[in-house]
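Okay, so here's just one chain, in structure tokens, the form predicted on its own.
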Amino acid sequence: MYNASDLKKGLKIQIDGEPYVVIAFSFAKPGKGQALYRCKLRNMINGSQFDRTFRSADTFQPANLREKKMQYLYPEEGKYCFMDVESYEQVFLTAEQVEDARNFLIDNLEVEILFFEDRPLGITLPNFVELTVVKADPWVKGDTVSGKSKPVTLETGYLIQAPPFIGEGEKIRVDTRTGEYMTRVKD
């Protein structure tokens, strides 16, 4: 059980049977009466946000969340299929649940899926993935007019800026948190 004094940004709590995450928090102590805790909460299932004020005597259940290691298999009609690496059970996540992670999903990539009870909520990618460049403009030695980077298209269709020496067919390491080029991968 959490008390209102335990509230902080990023805390995951359960209200009326649904998981919420605290995205903003402030504390106020009026001259008389109880302390007030003002929170901005986001529903982890549907994404709705709202403000709520709690008193110091209020208590909360921790959200029943767990992460499972799963493997990405394939996309199907706007959904993404993942398989539990232990039980081989398959779970589908919607495009809204996957969000920008779809830019880095390649076959057999192991990810962490966040579950509330038995409902999948979202995905956590590894910090770095290795992707193949499928389209890159050729680099002309001495071409300094275009700057220090050029756009390249990755096997997932994602477009990023990479150094001018990166060519088609090369593997590069990409930071999934920022979506930026990190380094060229040597075989």
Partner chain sequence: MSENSENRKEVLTRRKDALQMRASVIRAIRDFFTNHDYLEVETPHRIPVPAPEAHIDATASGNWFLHTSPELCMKRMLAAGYHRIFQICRCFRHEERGCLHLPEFTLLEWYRKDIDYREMMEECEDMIISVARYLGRGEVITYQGRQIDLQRSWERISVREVFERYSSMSPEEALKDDLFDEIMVRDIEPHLGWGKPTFLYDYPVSLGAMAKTKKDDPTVAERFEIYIGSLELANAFSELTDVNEQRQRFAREQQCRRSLGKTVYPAPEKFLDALDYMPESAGAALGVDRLVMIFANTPAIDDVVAFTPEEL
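Fair warning: this is a prediction, and the values are worked out from it, not measured in the lab. Positions refer to the first chain, counted from 1.
If you look for the form predicted together with its partner chain, you will not find it shown, but the lines that follow are about it.
Of the candidate stretches 33-41, 117-125, 148-156, 65-73, only 33-41 has residues with heavy atoms within 4.5 Å of its partner chain in the model of the complex. By the criterion of a heavy atom within 4.5 Å, residue 5 is counted among the residues contacting its partner chain in the model of the complex. Contact between residue 161 and its partner chain in the model of the complex is not found at the 4.5 Å heavy atom cutoff. Heavy atoms of residue 27 reach within 4.5 Å of its partner chain in the model of the complex, making it an interface residue. Contact check for residue 61: every heavy atom lies farther than 4.5 Å from its partner chain in the model of the complex. Using a 4.5 Å cut-off on any heavy atom, the residues of 39-74 that reach its partner chain in the model of the complex are, in sequence order, 53, 55, 56.
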